[in-house]
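The data below hold one chain only, encoded as structure tokens and taken in the form predicted alone.
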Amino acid sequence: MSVETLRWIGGRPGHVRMIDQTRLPLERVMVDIATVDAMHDAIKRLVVRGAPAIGVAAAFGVLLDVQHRDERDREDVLGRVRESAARLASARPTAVNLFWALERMVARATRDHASGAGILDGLFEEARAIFEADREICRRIGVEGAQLLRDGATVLTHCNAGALATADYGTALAPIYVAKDQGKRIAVFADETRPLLQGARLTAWELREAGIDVTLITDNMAGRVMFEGRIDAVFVGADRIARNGDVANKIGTYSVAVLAREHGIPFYVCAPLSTFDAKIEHGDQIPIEERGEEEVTCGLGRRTAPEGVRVYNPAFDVTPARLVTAIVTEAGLIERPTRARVDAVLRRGGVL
């Protein structure tokens, strides 16, 4: 892949280098993040985005805040780890990978180390493990999902769930990349994804960089291209999946799923097991982030709505499990997801 979303630079101490996704596609700018406050800001402002990438960034963010404390006592370091995790957890509410990664870091800090230095050794090991596991999981999702794509297929995708959203191939785009590696000819229609245009700015850019045949459409064209018979399958990512298989993803995903059902097109969700929230029974319990009105009223660089107009700007919606053909995970497919089928795969993957 020609896209490297983020990585740790240096040893200990070190910092995080990431691509600033707010600057794409006009500029490819790398930024260095050296403090937990800067990481919180990067996550909140969508400099780094995509559920798996946010999880990796959060793990690195904890390191940034505690890496100089190896001479302190155990309780001092442990307290700082918890403070850092709480600070980062406040950045965004919906993507469960953020909380999953932070819980892993806090759990690692609290077990089997008698000193501050020992805690730090474990935290560096844990953060590296989260990063490397994400890379491997992306490849495995790609292999599982590529089996669903025939040579010559055309896929519609919404938002960005590719390399820019993870530490490697992505989730929803991973099957496309693997299929291409297998010699299959795959084309993509990318929804623009309003109001922040992640499909236009990020997915279209990323697919062109990878040499994939991509056509950009606005969100309200999805039904038309389905009606015209241009789409063979829909592949999307996820930010949180409930125990019953309901899927929270970028706003507009639910509409695409309804259209896909109407036109008899399979609708696939690609996500790692870390995106499942076993504590949430169904999608109504998933917290939905609401973002600032300026993203809607001034989203194209100048004001496009009347001053003073009320704005409702949820960043995500929930697609009911009954509209999902299958969830593609690193542990296999969950076809026609139900609570029992989700639990079976979570048990197989060691999550339950």
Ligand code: MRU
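Computed from a predicted model, the values in this text were never measured in an experiment. The first residue of the sequence shown is number 1, and the count goes up from there.
The discussion below concerns the form predicted together with this ligand, not included here.
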- Let me know the one among 326, 288, 46, 31 whose heavy atoms come within 4.5 Å of this ligand in the model of the complex, would you? 46
- Out of 161, 247, 101, 88, which one falls within 4.5 Å of this ligand in the model of the complex, going by heavy atoms? 161
- Task: Although this ligand is absent from this view, report whether residue 316 comes within 4.5 Å of it in the model of the complex, heavy atoms only.
- Result: yes
- Item | Contact flag, residue 243 vs this ligand in the model of the complex, heavy atom cut 4.5 Å | no
- Answer yes if any heavy atom of residue 51 is within 4.5 Å of a heavy atom of this ligand in the model of the complex; otherwise answer no. yes
- Query: Contact between residue 198 and this ligand in the model of the complex at 4.5 Å, heavy atoms?
  - Reply: yes
- Message: Please tell me whether the candidate spot formed by 92, 166 and 238 is one where all three residues come within 4.5 Å of this ligand in the model of the complex (heavy atoms).
- Response: yes
- In terms of non-hydrogen atoms within 4.5 angstroms, which of the given stretches 145 to 153, 72 to 80, 226 to 234, 248 to 256 touches this ligand in the model of the complex? 248 to 256
